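Before any questions on how it binds or moves, here is one chain, the form predicted alone, in structure tokens.
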């Protein structure tokens, strides 16, 4: 019974720090290194050489869908992953809860990153019960906000709206919140921009009244007093992965965006205890679920977020620790991987020295019963370039997996 398990270290790729090894190279990961030593390795351009991918576009590519054709904005995938069923014409934005000063200049784009479920619920109440009715009354636009993980959330607008508006997120500290502007001359674009600016303004005004902010200040945490929106988009029409590649696939992820992309391409989506999309995630339950699901699927995809979070925070040791935590959890299941195919890679690099996504290639390994074994014996950016897979793109992964599963159709006679 052929099966594929794909482990993806979000933002796992890195650069040598100060002339030293990358976190992935430095990590003590005997199980991942064992898989590398027994399989084929290479380097992967998630989209194309030098292209700096978002996690959304990179995952589309890795799932086998050309992001230049299917990408319509991140917000739609975020909403789908958060459990919001988008209707035709809906526009969704990805959001950050943030901290701004009295001049609306961004002090922290993630409000310290630590947002409790109770705080998130209070933000949802403010937007959905207080701000949304005002926007509806003035502009005829329905607004729905839902928190996802930590500082992240999704904002959906319904009515005479368009995704063709600019972001309010300046993407950097020290810059003021941007004013949303229509990107075309349409009435819908103007209304959407006005609605987004109204939500932004009203939230910052009303956030002063939130009781959670007094408690946060007492704890030394930055206040939650701004919503930054970006990536407005609508739900694209996508051919299911079962039809496109003949693969029955399931995804295990704690991050709404990744669940959304997986759902959009027709994967069944699961989560597991301990898998919350943070750098402190534990992976034992997720790996156990992956093994259990193998009975009903050809391919199981498991998403590991912590490496990306650590990269964005510039935390070398934490990024290395996340890899080691996954590797330890993998120990229990190494024997059960015999006879299966295992693919391990990243969706992009998030070097701790840069704290952002870069266009660097990332390592990839493919392990399995009849995979050509090369001379690479360590899974890292500094070693996998010598492997038999050489240099491939994200769009190559699903055809490779489908071929090993014996599901791909012959091209020609």
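Positions refer to the first chain, counted from 1. The term rigid core refers to the most C-alpha atoms you can superpose between the two forms while keeping them within 1.5 Å. Computed from a predicted model, the values in this text were never measured in an experiment.
What comes next is about the form predicted together with a further copy of the same chain, which is not displayed.
S.K.: Would you mind picking the one in 303, 320, 74, 259 that has a heavy atom within 4.5 Å of a further copy of the same chain in the model of the complex?
M.R.: The option sitting close enough to the partner is 74.
S.K.: Does residue 52 make contact with a further copy of the same chain in the model of the complex, using a 4.5 Å heavy atom cut-off?
M.R.: Within the cut-off, so yes.
S.K.: Does a further copy of the same chain get within 4.5 angstroms of any non-hydrogen atom of residue 360 in the model of the complex?
M.R.: Looking in the model of the complex, residue contacts with a further copy of the same chain include residue 360, since a heavy atom lies within 4.5 Å.
S.K.: Even though a further copy of the same chain is not shown here, does residue 94 get within 4.5 Å of it in the model of the complex, heavy atoms only?
M.R.: The answer is yes: residue 94 has a heavy atom within 4.5 Å of a further copy of the same chain.
S.K.: Heavy atoms within 4.5 Å of a further copy of the same chain in the model of the complex: does residue 57 have any?
M.R.: Although a further copy of the same chain is absent here, residue 57 would touch it in the model of the complex, with heavy atoms inside 4.5 Å.
S.K.: In the model of the complex, which residues of 359-387 put a heavy atom within 4.5 Å of a further copy of the same chain?
M.R.: Contacting residues: 359, 360, 381, 382, 385, 386.
S.K.: Taking the rigid core as the reference frame, tell me whether residue 94 has a CA displacement of 2 angstroms or more between this form and the one not shown.
M.R.: It does shift by 2 Å or more.
S.K.: Taking the rigid core as the superposition reference, indicate whether the CA of residue 231 shifts 2 angstroms or more between this form and the one not shown.
M.R.: Yes, shifts by 2 Å or more.
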